[in-house]
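Next up is one chain by itself, shown in C-alpha cells, the form predicted alone.
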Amino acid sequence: MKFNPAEKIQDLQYFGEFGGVNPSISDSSTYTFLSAKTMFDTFEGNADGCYLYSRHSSPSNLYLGEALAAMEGTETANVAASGMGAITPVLLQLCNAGDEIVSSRTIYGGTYAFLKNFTPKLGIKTKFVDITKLAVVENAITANTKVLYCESVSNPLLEVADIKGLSVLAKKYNLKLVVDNTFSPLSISPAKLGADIVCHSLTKFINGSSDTVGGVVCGTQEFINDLRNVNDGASMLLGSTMDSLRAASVLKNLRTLHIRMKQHSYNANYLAEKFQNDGLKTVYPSLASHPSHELFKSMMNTEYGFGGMLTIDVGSLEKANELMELMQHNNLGYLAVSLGFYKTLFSAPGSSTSSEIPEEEQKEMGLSDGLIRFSIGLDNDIERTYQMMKTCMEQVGVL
C-alpha cells in the first residue's frame, strides 16, 4: 500500500493524563525518580520511558516527535527550538574536523552561512554544487566527505533534488543524505525515497500560524539517541530545546496540515498558471516549464500537490519592492519573510532570506534582484486574489 503521510498522523492516538483528547502538557523542567538506580540508568541511557531533564526530552516533545516521525516514515524524531536548531546539530553530529560536506548551492541563507562561515572554524569544509546534476555531485565527493545535504525544494529558487539519485550516491560512498523538507511537507517524503535524515523548520507550513519557532530531525532511533546523548550529543549539549507549551501547540496544528497543504498547493498552482500565461517569468514545479517538473511528479504524494511556494521575476529590485508594497497596501498579503501562513507572504530573497549569500554567488546560481518569493496563502477565492494581484502588476508596469 502506498505511503500516505497524513494518514500516519491521523492514526496516532493520544489521551491526556486525565482522559483529555489532547495530551497533557509536561510543565516540568526536571523529573523525579523512585530510586537512585533508575536515575543512574537514565543517565547511562538504559532506562526507556524515564524522563531525566527537559533539555534531553519531555513528554510533550516526544508526542510531537512521534507524530512527525510518523509523517516522514522514520523510526523516531527529535524536536528543537528552531529549524536551525535542528539542522546544525545534525551536521555537527555527523562531521568532525577534517571532514567535508557536499551541499546544494541553493539553500536557505542561514544554512548557507552556517556551512560557509561557521563550520570552517571547526575544520569542516563544504563544497557547494548544483544539486540537480548528479555527475557534478559525484565529482565533488572525496575520501573526506561524510554528508550530502540538500533541500527537497530549494529556497528560494525552487530547484528540486533527485532524492533517489542522491541516495544511490550516498550509499555508494557510505555517506549520510540529509534533506531539509521544509518547503514540501506531505508532498514529498524524503525518507521513503532514500534520505537518511529529514529536517524541517516547524515554524513554516507544519505549524502554519506564524506564532511559533521550531524544528525537527527525523531519523533512526540510533541517530536520535546519538543527538540526545548526555556526553557527546549535539542536540543535548548545544541546548536547542523546544518548550513543551510550544510543542503542544505545534502538535495541534499538525492535525490540519493535510487540509492546509492541499489549499496552499491548489492556490499556488492556480496563480502560477495565470502568471505564466500573462508572460511573467514564473517558477513553480507543476508547470511543464519547470526543469524538474517530471522529477517532482515522480517523487510526490499526488493528493497534496506541488506545494505553496512560487517565484516570479519582475526584472529589478525596485519593481519588486514597488509591487510588494502595493500588494500589501491592497491587503493581498504581507511583505514579510518566512512562509506557511494563512495569508500570502512575499519577499525579495536576494536582499532578505538569502542575503547571507554573497552577491556574486547569487548571480552565479541565478538568484536575480527582481525575484519575488511567494508563500501562497489559504485564500478561499483565488480568482479574486489573482485579479487584484494582476491590477497591482499593471499599476507598477510589470504587466
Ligand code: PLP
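These figures come from a predicted structure and were not determined experimentally. In this text, residue numbers run from 1 along the sequence as written.
Beyond the structure shown, there is the form predicted together with pyridoxal-5'-phosphate, which is absent from this document and is the topic of what follows.
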property	result
Interface residue in the predicted bound form among A140, L287, M299, M84, criterion: non-hydrogen atom within 4.5 angstroms of pyridoxal-5'-phosphate	M84
Partner-contacting position among F205, F275, Y108, Y304 - heavy atom within 4.5 Å of pyridoxal-5'-phosphate in the predicted bound form	Y108
Residue stretch of 323-331, 249-257, 177-185, 67-75 approaching pyridoxal-5'-phosphate in the predicted bound form, non-hydrogen atom distance within 4.5 Å	177-185
Distance check, D196 to pyridoxal-5'-phosphate in the predicted bound form, heavy atom within 4.5 Å	no
pyridoxal-5'-phosphate contact at E159 in the predicted bound form, heavy atom, 4.5 Å	no
Any non-hydrogen atom of G219 within 4.5 angstroms of pyridoxal-5'-phosphate in the predicted bound form	no
Touches pyridoxal-5'-phosphate in the predicted bound form: S103 (any heavy atom, 4.5 Å)	no
Heavy atom contacts to pyridoxal-5'-phosphate in the predicted bound form at 4.5 Å, residues of 194-217 in sequence order	S201, T203, K204, V213, G214
